Every structure is written in structure tokens, then in C-alpha cells.
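Starting off, we have a lone chain in the form predicted on its own, written out as C-alpha cells.
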Amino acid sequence: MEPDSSQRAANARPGLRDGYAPLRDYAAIGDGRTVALVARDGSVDWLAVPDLDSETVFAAVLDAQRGGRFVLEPAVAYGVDRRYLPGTNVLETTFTTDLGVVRVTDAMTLPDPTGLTPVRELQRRVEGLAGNVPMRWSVTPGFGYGARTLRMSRRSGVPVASCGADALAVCTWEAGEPHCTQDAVSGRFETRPGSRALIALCFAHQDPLVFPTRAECEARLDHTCAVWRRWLDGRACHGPWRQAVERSALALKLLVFAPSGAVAAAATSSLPEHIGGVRNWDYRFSWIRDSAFTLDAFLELDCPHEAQAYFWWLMHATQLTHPRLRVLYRLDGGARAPERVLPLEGYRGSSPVRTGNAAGSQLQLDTYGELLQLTWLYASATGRLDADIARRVAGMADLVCRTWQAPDAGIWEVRSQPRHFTQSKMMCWVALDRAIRLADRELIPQRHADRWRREREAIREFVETRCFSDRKGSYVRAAGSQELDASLLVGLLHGYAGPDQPRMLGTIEAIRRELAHGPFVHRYSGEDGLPGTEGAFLACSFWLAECLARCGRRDQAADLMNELVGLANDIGLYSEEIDPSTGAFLGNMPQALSHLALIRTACAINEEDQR
């Protein structure tokens, strides 16, 4: 039944603010190499090509004027409903107008092994469902974050925008006559019931530019849907939040960089943690901080191929810096990530806009605990470790013995002076504990195991005597402070303390009392070397729910989980943070850590239900 005008008004997206769509309005589509963000009004405002960490061709989300975008929408007022096609990362948007109804299907298509395909392909299929609806579209490329000059031409009648080694062909069928200017290709057409238009952007990067036929494009879109559904069919998603877990699994799969198996922290750069603020970072790298959570989620979801690829990629990347770990690595396994500022306005004036990430060169001691925990999970699942990896893991444990007493930047990569962060010490304890367990199973060399035991006890002595507040009844953010930090919950999740340990139970209560506001949990109290504020950190909210579940407080965990699932946007995605006062998304998106934490929490509550 066609919605009446009042329903359409209710469904209509909020207007732009300062020329920008709300971050909550974005959906993500991808192909295992890169990710595009599509707003509710049909504008593709983010796309890096050829790869997720490359320069962008569309970056209007970071600069509405110069970033570049692909607009496709009715030329009259409309309401919007959208969803992912079931079991896929293919987006379906339905525009309802007073003149009729139109459906747009958006996909970054997956390669068809039977034929020649473009290096990257963004397809947008437009179907008339009812009435006659005038449509308008325009492709405004912004190569190199909008800074590079493009050349517009036609090849065999097809508009092509090119810039150095990059080229973009705008292939259209029943979408009106393309009109070319110096910086854009645009068109208009009208849908009718049963009509089916198609616009395909075909990219080339140091490769021949492929001009597909319409039949090839249609077949590739069908192939893409089938591949996504086959992948999800093989996943293990159970329990009351199955739908949210499946969407999180698909979102996580979008962030897996297929050529290497690396997992990006998010698909974007510099989406702000505070509107107008300076907390704008490039998240298109793989963080050691997330590694154990990532492997655990792959194992929980029954993704053995992804788990193995990720483990081996991580071992390859860290080999280059052994025995020290970098905070983050590029998706190709490289360690350099120099930070630079781009001449872009930033989302709603949130500048600077950055690429690269200076946190990569910080000392972050918790990473060793994450990597040893990941190794323990992998070895427990497979029963073996490669001999070279075993030697390197033992070497990392030796390094922890030498370095755990140093101050560091902590899990949150503060830009203030290094401190003795409690969570860092807890994770050093986890690192040595896992090394001892691996040695006990003769999976890694054990000649230094006695030293690991001594240092493990020394770390616990440090944490228990210098990082606990009797006044708060809680572990604190750093030695000698009275500040709190939600990352202390990771101490329970990774086994520094058991779920019945009174000090950890007190810490959970202190975090609920001082850092939580309803379902929202802030990362920490105290300064971090940066001006301004930030939103609530979604992963911390899920960690709190998981801790409640593991402490046997199942109903409290389930209540919080229900609230958190309700905070996703209309298609089930999460960014990094949320503004508790408005519900607005903040930070980069989709955010792997948010979706990883959702998967783990759902599994933890399911496990509690099965006891």
C-alpha cells in the first residue's frame, strides 16, 4: 500500500545542517577492497579508490563544496525508506513522492571470475514502482581528496573523468542523456512503472578502463547479492539479537581488506568525535588494540578463513617491527602512517582533516597483551603454532618483562604526557600469563618461563598496590590517580580478574556510577592532551553489558543490550561514538570496534542463557 502524505512526512530525512547530512544517515556498501557511504538522500559522499586507504574520489562528507559526490534523487519532494537486501551489503532505498515511488539499489559489485571486470565498480539501479517520477543525478569527482585537477572527455561516447593514473567512466542505460561540464557529468530522466535505469561508475587505476555492457553489469549485481548471501549463510549467528549480530558480521566483513586479510578500524577518516572539534582521526588502519576482539569474533561467527587470514597478516606485519609492536599497521602490512593535514573544511567545520595517524609511533603497552591473547585464541582453536611465530611470541614476552614498568600512551592514545595507565599494566599481565600458558603447552619456547612468572607477579603487585582506590572501591585510570577509565573492563574480558573478584565488581559499579549515563558510557575522566570534548564510546557500553553478563547479571546485561541495539541507525550500523544528548552519531563509521563489541556481548549473554 502506498504511504499517504503524512507517512511520507514522517519518513522524510532531517535536513542538511551546515550543508552536511547527519552522520547517522549514512549507509555503507563495499566490495572487500573499499567502502562507499550513501546518505539517505541518495548522495554518495565518501569513496576512496582503488582501496579503502587510498585517496578519495568522493569526500563531500569532509568538504561539501570541494570533496566530490554522486547525487541521485527524485527531482521533487520525497520521503525515504531503506534497508539492506537480506543477507547482503547491497543497499535498497525507496523514495516515495506525490508523483510515484522509485527504488534505488546501490552496490559496490564483487568481481565476476568469468569475465573482465572494472577494477572497482559502483552500480546504482533505479526502478520505477508506481507513477511517473522525475529523477536527477550528477557525478562530481574529486580525485585526491578534491585537490587534483581532472580532465573530462568521452571515449566511445561514454563520459570519462581522468586524473593521472586514475580514470572513472560514467556508463548509463535509460538514465537520460549524460551532460558533461568541466567538472561533472549529470542527467535527468523519468521513471514509470516497470522502468529500470542503471548508472555504473567504472574505475581504473594504472589499468585499462573497462566499459561493461548492461547485461554484464546486471549479472554482476546479481552475482554480488548471491556471494554476500552465501557468506552469511555460513555464519554462526544465534540468540535473541541474531539480526543485529548478522548485520554486525556483514559490517565487519566490509572492513576486511580482502588482499591481505587485515581489518580496518573504520572505513573513513576525520569524521569528528565532537562537532567543530579537533578530534578527527584517520581510522583506515588495522589496530593491534582490536586484534584479540577481532579474532574472537571471527571464531564465534565460525569464520575460519577470515580468522586464519587475519592471524597470518598480523604475524607478517608485526614481523617487520619485531619484537616491538606498532600501535597500528597499514592494510598492506606496512608500519609507516605519517600524519598530514588536508586543505578541507571538515565535517560541519570540524578541522583539521587528517590522513595518516601519529598514534602509530606511540608506545602502547596493552598491545602486547592483545597480541598474546590473540595468539592464545588462535593456538587454542588450531592446536598448533608455526615455529618461527612461536619464537617471536616468546621474544615479545621477553620484551614485556623489560618494558612494562615504562609509562605509555595507553589504549586511548592520549596526546598528553605518558602515564602508568592501569589497563596497560593489566594487559602486560595478560601478555605474560598467555605466554606462560603457551609455554606450558609446549607451543612456544619455555626457557624464560620462570622470568615471565616473576614479572607477571610483579605487575599484579604494582596494579593492586598503586592502581586501586579504596575510596572509590575501584581500579583507577592510572597509578596514583582518582580518575576512572572504562577500558578497565577489558581487564575482566581478557582475564586479568575473574567475574567474582570484589575489586573488579567494584570497578564495574564505579564505571556505572561515574562514566555511564543510561546506555551511554564515556571512555574516561581526566585530561588527554586535547581541547574539547567527545561523545559516549559505544564499545565501552557493550563492554559493560558483556561484563554484567559474565558476572552472572544476565537480566541487567540483556536490558542494556536491548538499549544499545536500539541505538543503531535505521539499517543497523554504528559509528564510533554517540552524542548522549541528541543521539547523533560521532566519529568514523562504520566502526569495527563497536560491531565487534556487539557480537561478543550477544555471544556472552547467549552463553549465560545456555548454562
Partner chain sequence: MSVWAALAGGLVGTLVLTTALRTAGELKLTRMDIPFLLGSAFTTNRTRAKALGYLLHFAAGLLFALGYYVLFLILGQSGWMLGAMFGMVHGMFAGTALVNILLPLVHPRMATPLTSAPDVALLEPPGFLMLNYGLATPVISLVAHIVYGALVGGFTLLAQ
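Numbering follows the first chain given and starts at 1. All values derive from a computational prediction rather than experimental measurement.
There is another form of this protein, the form predicted in complex with its partner chain, and it is not shown here; the text below is about that form.
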Open item on the list: Contact check in the model of the complex: H305, D332 and D388 versus its partner chain, with a cutoff of 4.5 Å between any heavy atoms. Do all three pass?
Closed with: yes
Open item on the list: I'd like to check something about P118: if you look in the model of the complex, is any of its heavy atoms closer than or equal to 4.5 Å to a heavy atom of its partner chain?
Closed with: yes
TODO: Report yes if any heavy atom of Q417 sits within 4.5 Å of a heavy atom of its partner chain in the model of the complex; otherwise report no.
DONE: no
Open item on the list: Residue-level contact is defined here as any heavy atom of the residue lying within 4.5 Å of its partner chain in the model of the complex; does A309 satisfy this criterion?
Closed with: yes
Task: Heavy atom of W228 within 4.5 Å of its partner chain in the model of the complex - done: yes
TODO: Name the stretch, out of 361-369, 212-220, 259-267, 169-177, where some heavy atom lies within 4.5 Å of its partner chain in the model of the complex.
DONE: 259-267
Open item on the list: Counting any non-hydrogen atom inside 4.5 Å, which residue from P499, P343, P323, G276 sits next to its partner chain in the model of the complex?
Closed with: P323
TODO: Consider the chain as shown here, without its partner, and state which of A317, L493, A536, V101 has a heavy atom within 4.5 Å of its partner chain in the model of the complex.
DONE: A317
- [ ] Let me know which residues along 32-50 have a heavy atom within 4.5 Å of its partner chain in the model of the complex, or say none if there are none.
- [x] G32, R33
